[in-house]
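Shown here is one chain on its own, the form predicted on its own, set out as structure tokens.
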């Protein structure tokens, strides 16, 4: 019986996501925003037709991995090399400013605490939640706008990837102060080791794929092997190096982005992503939200939480972008593009709940932040791009 319920849920999710995506497109709003709203409508927030489940969460995880793999395949390495140093500076600022904003917000709301106290750790942890950037939603919006390969688009993409790595390192340091069993040095070593190994093996895999592509051009074995590489790197990154699986997927795309059939691989992979996995991912964000459980005493904090998290990225990333030579419009696009929060923020929040650092009630502001930024960022990027083309 459970199998039939899964089939019913998938049917409802896909149809609702497609309908709301088309409706959003008619209203000149990016389709991803409509898919998130579809999750709010069919989920516990309104109709309650579909409830979150482990199966849906796993499908959504595959969806975000495929999105990031596609983003890697569409990456312009020349632009990435140009934007790399700038992206690193933007990412560092995009972590530091929200971290400070989050800590100050918590202490301003609950009272200032001395370093080493429980309140101080909670404040730092709230700041850690704000540091994460969910690049997948922004990537989809940039792809719809046709600017993913531009300097601005590649800077956002690169900065968001670096942002998550730095955010994980910062989180580890915060947890290390709370729990002596955590070893920050080990995490930093694993992160560097993964990037070095990805570079070395990336060169090897690129040469292998280049030969296969030359011998069997435009055959189905090319995207199949490429997809296998994507899943392997995602698994290795998460399992053995403690890095988000989406980083491994993106690097897999980077490895293959310069082979002759990169566009062919992307087109074949995008079929699965567009048809089922991506709609499940975006709709799943709405499914996880139940606004009926928001407590009155948390509502004010949640509003300030969303405001601080958004301003932290706009100021932290946008202002630095302007200092690095981007024009005002592109600087604002970078700041807004870095505002989105998603799976990493949820993972960090869940970690805090499991360790007893924060109360379960603080999960609501995180969900509201994800919903707000997931819907508004694609819309704002489209408005800015239409008025100030890159």
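Numbering follows the first chain given and starts at 1. Source: prediction; values computed, not measured.
One more form of this protein should be noted, the form predicted together with another copy of the chain, which is absent from this view; the next part is about it.
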Among the candidate stretches 97-105, 157-165, 234-242, 312-320, which one is within 4.5 Å of another copy of the chain in the predicted complex when only heavy atoms are counted? 234-242
Wondering, does residue 305 line up within 4.5 Å of another copy of the chain in the predicted complex on heavy atoms? no
Might residue 387 be said to contact another copy of the chain in the predicted complex, defining contact as any heavy atom within 4.5 Å? no
I'd like to check something about residue 253: if you look in the predicted complex, is any of its heavy atoms closer than or equal to 4.5 Å to a heavy atom of another copy of the chain? no
Contact label in the predicted complex: residue 57 to another copy of the chain, heavy atom within 4.5 Å: yes
Taking 4.5 Å between heavy atoms as the contact cutoff, choose which of 188, 298, 227, 170 touches another copy of the chain in the predicted complex. 227
Which listed residue (86, 198, 262, 269) meets the criterion of a heavy atom within 4.5 Å of another copy of the chain in the predicted complex? 269
At a 4.5 angstroms cut-off on non-hydrogen atoms, which residues of 371-389 are near another copy of the chain in the predicted complex? List them in order. none
